[in-house]
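Have a look below at one chain only, the form predicted alone, in structure tokens format.
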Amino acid sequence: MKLRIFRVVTLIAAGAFFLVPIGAMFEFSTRGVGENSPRTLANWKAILDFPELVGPLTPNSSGIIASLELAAITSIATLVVLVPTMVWVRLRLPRLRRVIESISLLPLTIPAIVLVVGFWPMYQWMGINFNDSILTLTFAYIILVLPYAYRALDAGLAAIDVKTLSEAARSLGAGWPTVMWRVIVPNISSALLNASLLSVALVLGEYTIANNLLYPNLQVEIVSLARTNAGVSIAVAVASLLFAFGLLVGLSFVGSGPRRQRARVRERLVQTFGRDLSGGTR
């Protein structure tokens, strides 16, 4: 009973910690012009009137579209780079796990402003010789999300026997691409979803690197808009928070389907063989 009360109190306190500021922001964004003016959604409707927020994706005009594309590209690129590397290190180079982990945690110890100083010459060279699109921020964001994605994937890989699964698949004639796509990835689907969610959340909320490298992503445009129209900027901020929350709920439902299917298969196996098979992957 004490543990249940503690959980309820903790849940209520955490919910209030997040919902009260969001509610205050929504209340501010719906205020009228005068003191006794009725509430209105004019600020929310005005979001579509600002091309710097919802305009086409060009080097000089981006906003919401650019941030969403950056989030998608960063999450996919991070998984493509990290998953094969971490599996290969676990199978072939286990002594390098501590080294790889230390390297992946470095962005947590280096301030973002210091990272910008290192990124600036590289981005200046890329802008002159290749392309100055805002999507080149993907390279910086991959480094920024590396610690969070690594920890999520490491927890998922630690929960399965990677060596046994890969050796069994290889003994049945599967190539390494098949082992990765049809054996390893389905068993760490929850870890992949968690890493993707962390990457998307960090990219959608990143401001320092984009602002100092002079790229107008969503957060930079919100700060710039706040100087002229605070109501619309707060409305955009609330909308981005609600989008992140909706994405979290959607990903949780996406990940629950395979888990329920595996649970039903395990129950049928237990009923057939009369013993518990939950100790490992079959």
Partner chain sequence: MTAAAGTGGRTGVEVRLEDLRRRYAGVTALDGLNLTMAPGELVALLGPSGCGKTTALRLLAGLEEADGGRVVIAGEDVTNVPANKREIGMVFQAYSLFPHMTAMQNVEFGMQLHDVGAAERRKRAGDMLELVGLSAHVHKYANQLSGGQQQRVALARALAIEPKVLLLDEPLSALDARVRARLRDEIRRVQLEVGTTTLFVTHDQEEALAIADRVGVMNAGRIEQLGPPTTIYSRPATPFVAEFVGLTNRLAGTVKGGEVEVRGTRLPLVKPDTADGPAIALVRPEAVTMAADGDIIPGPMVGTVIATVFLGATSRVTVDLGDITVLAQLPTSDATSLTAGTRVRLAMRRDPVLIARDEKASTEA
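Please read all numbers here as calculations on a predicted model, not as lab measurements. Residue numbers count along the first chain shown, from 1.
Another form exists, predicted together with its partner chain; not displayed. Remarks below refer to it.
Asks: Does any heavy atom of residue 194 come within 4.5 Å of a heavy atom of its partner chain in the predicted complex?
Replies: Output for residue 194 is no: heavy atoms all beyond 4.5 Å of its partner chain.
Asks: Residue 109: heavy atom within 4.5 Å of its partner chain in the predicted complex?
Replies: Close contact is absent here: in the predicted complex, residue 109 is far from its partner chain, nothing within 4.5 Å, heavy atoms only.
Asks: Does any part of residue 178 reach within 4.5 Å of its partner chain in the predicted complex? Heavy atoms only, please.
Replies: Flag for residue 178 set to yes.
Asks: Contact with its partner chain in the predicted complex for residue 173, defined as at least one heavy atom pair within 4.5 Å: yes or no?
Replies: Residue 173: yes, in contact with its partner chain in the predicted complex.
Asks: Among the candidate stretches 126-134, 158-166, 67-75, 205-213, which one is within 4.5 Å of its partner chain in the predicted complex when only heavy atoms are counted?
Replies: Looking at the other structure, the answer is 158-166.
Asks: Which residue, 86, 146, 152, 183, is the contact with its partner chain in the predicted complex, using a 4.5 Å heavy atom cutoff?
Replies: Going through each option in turn, the one that passes is 183.
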